[in-house]
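As structure tokens, one chain now follows by itself in the form predicted on its own.
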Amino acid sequence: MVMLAAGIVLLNVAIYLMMSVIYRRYHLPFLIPALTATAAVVAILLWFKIPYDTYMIGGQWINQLLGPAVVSLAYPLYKQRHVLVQNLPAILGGTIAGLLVGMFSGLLLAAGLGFSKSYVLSLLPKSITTPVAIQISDSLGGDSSLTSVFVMVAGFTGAIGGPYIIKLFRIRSEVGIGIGFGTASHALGTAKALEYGEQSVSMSSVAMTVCAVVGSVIGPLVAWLMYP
């Protein structure tokens, strides 16, 4: 069992390193390793008909590293604390505005397309990091599995489309870039923000945290307004 788990971990690491090499060579947004490595692992599982439970024997080892990875974001945030203090109103205002736009645009689109109440409530926390989004979805009566999928779609969409938007609108501010990535695509966006500098990573992690806290308060209120 231990050998199987170690083999699955090594497989993930090898695929990620290979995709990182490809990304560094071509540096196209849709080739980000988080996306291409995930697609490659899914393809391998399907090709060899490996059950999800078998994969998670090793996958849970990787899953347990998510917590320390998130905590590690505190270090660049600490180094950029003076930037946070100087720009606090803009950071909070921009993040909350982005969160509200993300929530309402998704809800209105889903309701307009005739999605059921369960689908709409599952979509509501899509712009919030996965652990918090699942808790919100469960408390509102949504489907946490669907919520996980919506969160991943939002994360990948922001990480891939973000660079094009930044270039189109000629955004130069690392603070603005970080807030955009953290608000629209949480952890995956924060990983992408790393390419724009330490300040962008710090602001993205702040935006991700603010979205989680504020979203857990606003989410139930928005759901009550739509389905009183």
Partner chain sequence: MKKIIIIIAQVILLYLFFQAGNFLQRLLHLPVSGSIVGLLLLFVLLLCRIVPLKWIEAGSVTIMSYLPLFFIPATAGIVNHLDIFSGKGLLLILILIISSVLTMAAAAHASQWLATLNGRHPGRSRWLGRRSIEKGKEI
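Numbering follows the first chain given and starts at 1. All values reported here derive from a predicted model rather than from experimental measurement.
Form predicted in complex with its partner chain: not shown, discussed below.
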Report whether the minimum heavy atom distance between Tyr26 and its partner chain in the predicted complex is within 4.5 Å.
no
Would you check, heavy atoms only and a 4.5 Å threshold, whether Ser173 touches its partner chain in the predicted complex?
yes
I'd like to know if Ser139 sits close to its partner chain in the predicted complex, meaning any non-hydrogen atom pair within 4.5 angstroms.
no
Phe48 versus its partner chain, in the predicted complex: is there a non-hydrogen atom within 4.5 Å?
no
Are there residues in 6-30 with a heavy atom within 4.5 Å of its partner chain in the predicted complex, and which are they, in order?
Asn12, Val13, Tyr16, Leu17
